[in-house]
Ligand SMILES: NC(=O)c1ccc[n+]([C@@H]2O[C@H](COP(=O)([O-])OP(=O)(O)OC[C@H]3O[C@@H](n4cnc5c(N)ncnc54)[C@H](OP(=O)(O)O)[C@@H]3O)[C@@H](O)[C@H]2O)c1
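Next up is one chain by itself, shown in structure tokens, the form predicted alone.
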Amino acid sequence: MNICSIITVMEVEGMSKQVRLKNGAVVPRIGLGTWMIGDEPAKENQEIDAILTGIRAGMRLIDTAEMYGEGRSELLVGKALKRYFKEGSRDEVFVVSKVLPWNAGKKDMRNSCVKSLERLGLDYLDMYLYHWIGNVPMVEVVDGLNALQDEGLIRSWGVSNFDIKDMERLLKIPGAERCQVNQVLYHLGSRGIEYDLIDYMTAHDIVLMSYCPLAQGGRLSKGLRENQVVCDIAKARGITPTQVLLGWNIRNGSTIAIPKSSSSDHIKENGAAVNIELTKAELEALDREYPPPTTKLPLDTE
């Protein structure tokens, strides 16, 4: 079966595999990352078409941030959503954005959230993430996020780039039990979070949202796709190396991967990986090539 056939089959099956958050929200296991999207006006129509392709194929979680292009990514997503809402409804799309650490004081956070909503053309965010730890006291960050949720500007919140000690510190704060996800870098070539962070998050019902699941922009991106073991698995299955890597990333059934692409064809390829289940033998072969960690490693961000 070639890639076009696989995409067609997956789209017909409806991209049905999803992740349930502890607040009951159900989201796709593969969504749309938008880092570095919206930066080039000449690519605007192509990038909007790519986002619409993903939404229509079932990749209805869109991740963005006020940091991305200083708001340009949110503006582009807003344009895509405006077009989509002519054919679909707001509740079909799960929109995630993030607040920068220096905007995370309670008053500044609300201003940032409102500006993100204005750029996106939305009344509320489905999820709002604290992008990384800054100098604002964590208690104030949690209070600010909960205030936004109570006001209805956001439906839920989470964090990003938190290691296990950060999570432990967070969850000691009253109200932090509302935290739904932790978005961190995770791909086959960067498995450090498997040592302790994933287990800790699972024990506290906090979902892993995996950014750069294909090592996009990182030093390992090309090497992962060209790795012989990855390529052999792809060839044997009649899929692509990209799909092998995404299938591996979401293999536990409770991870949300948000690969970034501005190409409609690549987004279809990414989305088709949602139903790929690697065998035990395939997973063992990938473990031999890229072993899981045996000691604690610093949280990777590249």
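The numbering used is simple: start at 1 and walk along the sequence shown. Note that the coordinates shown come from a computational prediction; the quantities given were computed from them, not determined experimentally.
Separately, the form predicted together with the named molecule exists; it is not shown, and the next lines address it.
Given that the partner is absent here, does residue 259 sit within 4.5 Å of the named molecule in the model of the complex, heavy atoms only?
The answer is yes: residue 259 has a heavy atom within 4.5 Å of the named molecule.
Exercise: residue 183 in contact with the named molecule in the model of the complex, heavy atom 4.5 Å:
Result yes; residue 183 sits at the interface with the named molecule in the model of the complex.
Verify the contact flag for residue 211: yes if a non-hydrogen atom of it lies within 4.5 Å of a non-hydrogen atom of the named molecule in the model of the complex, no if not.
Residue 211: contacts the named molecule in the model of the complex.
Does the named molecule get within 4.5 angstroms of any non-hydrogen atom of residue 215 in the model of the complex?
Yes, residue 215 lies within 4.5 Å of the named molecule in the model of the complex.
Are all three residues 68, 131 and 242 in contact with the named molecule in the model of the complex, where contact means a non-hydrogen atom within 4.5 Å?
All three within 4.5 Å in the model of the complex.
If we take heavy atoms and a 4.5 Å cut-off, which stretch out of 80 to 88, 140 to 148, 193 to 201, 160 to 168 is in contact with the named molecule in the model of the complex?
In short, 160 to 168.
Taking the named molecule in the model of the complex, which residues of 96 to 112 have any heavy atom within 4.5 Å of it?
If the 4.5 Å heavy-atom criterion is applied to the named molecule in the model of the complex, 96 to 112 yields only 98.
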